[in-house]
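Quick heads-up: it's one chain on its own, the form predicted on its own, in structure tokens.
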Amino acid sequence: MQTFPIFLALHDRPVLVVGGGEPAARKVELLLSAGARVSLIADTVVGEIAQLIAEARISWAGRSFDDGDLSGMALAIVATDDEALAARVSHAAQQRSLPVNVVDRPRLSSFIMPAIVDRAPITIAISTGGAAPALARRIRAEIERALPAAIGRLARFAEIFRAQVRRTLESPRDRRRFWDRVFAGRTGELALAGDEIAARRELIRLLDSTRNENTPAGMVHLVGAGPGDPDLLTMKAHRLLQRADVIVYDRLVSPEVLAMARRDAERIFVGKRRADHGSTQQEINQRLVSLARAGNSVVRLKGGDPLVFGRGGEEIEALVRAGIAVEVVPGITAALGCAASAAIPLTHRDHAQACVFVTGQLKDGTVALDWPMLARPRQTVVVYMGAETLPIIAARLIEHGLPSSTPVALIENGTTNQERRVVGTLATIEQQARRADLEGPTLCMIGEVIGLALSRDPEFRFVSRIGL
């Protein structure tokens, strides 16, 4: 986050605008809509501003700017083509620690004017940090199309009952769940439609029933976080992340995916790192059970798909034994995500008629795999968690008849902006992996389809690549 978003209360507070053209007129309109008392300094003004002056809605000093004009102001906005004047006002304001915005000059500004969606009392601000204002305006247009014009009614309706709901429901979790039911149900529909009397009756009925309910039993959702790219989350996964009371996650969950969760949800890290096994699986199981028994809606967020080498099966067994409701939400497993990101076909009519997923480490730390099966020709082998045991895997496959020239790809942090690919053969991949010093989650793909991808795109464009 490059800038910190904040909404500033300006009602009946003095604000200075320097400039009298169209850009200044647009800023004055926004400031007046926020209830500010606007003082404008400019030698000349356009017609719109002249009308506001005539109506005594703003005050105008038809002269040059003086540093003393900033005294007592809540903030300053500069909308002028005079570069020297803009720099002077900006410097004087920042010397006073006064927030200042210079239109279209982010380097001279201490705050940025966002694109605004106004559905009072709901205000949505969109900023690109000054990098692309036109893009912010486009995003605003998309939000305006999607957001009901009357959404402000819903906020004003909720405000009426906010204190009553707080008195009736002591727990923040219960209040949040109640409002979720209001906004997503018939009460919200009635308020949005303007039928406030019916909406009031429905809300009071819902509040009474909620007050008399026993604490609902919690539930655990095993949710696949995918390989790292947040855009690859399923819609259901995103919805559950927004509703969860607690997020239990491991190291394979990318920060970008975790950021999709509700801001005030409790986050519990239970991941394992090399030489640091953190929580044991039994401890994780027990924690999930206790969280659910306390009435929480729990999302167990797991990298990739919960049931592909993610110990999801063990967690399901523990939850079912404890009588906890559990739901599994699939995710894109790393093999599919990494293959798509690198445009590597896992199967191909001419090169691979089968695809096998294996784990590079078993529960006891060994690598006792079915080597004759894995060394069969015309198939793709995908090895999860195989970075540490890569030398053993390569040697065993060669021993069991797979040519040492068989192509291998290691994909680190697949589908993310940090993705790196190391491409080699069974004979060379250990040395190249050592050179690359891979530290992030790494997937190993073995088979002729790797060579096919290389022949099509020798440079493996758009990512860091350490070659053959």
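Treat the numbers as computed from the prediction; the structure is a model and nothing was measured. We number the residues from 1 along the sequence you see.
Unshown form predicted together with a small molecule; subsequent notes refer to it.
Picking from 308-316, 200-208, 291-299, 393-401 the stretch near the small molecule in the model of the complex, with a 4.5 Å limit on heavy atoms, gives 308-316. Although the partner is absent here, T187 sits far enough away that none of its heavy atoms falls within 4.5 Å of the small molecule in the model of the complex.
Contact check for Y249: no non-hydrogen atom falls within 4.5 Å of the small molecule in the model of the complex. Taking non-hydrogen atoms only, C338 approaches the small molecule to within 4.5 angstroms in the model of the complex. Interface membership of L240, defined by any non-hydrogen atom within 4.5 Å of the small molecule in the model of the complex, is ruled out.
For the options Q432, N413, T425, S39, the one in contact with the small molecule in the model of the complex, meaning a heavy atom within 4.5 Å, is N413.
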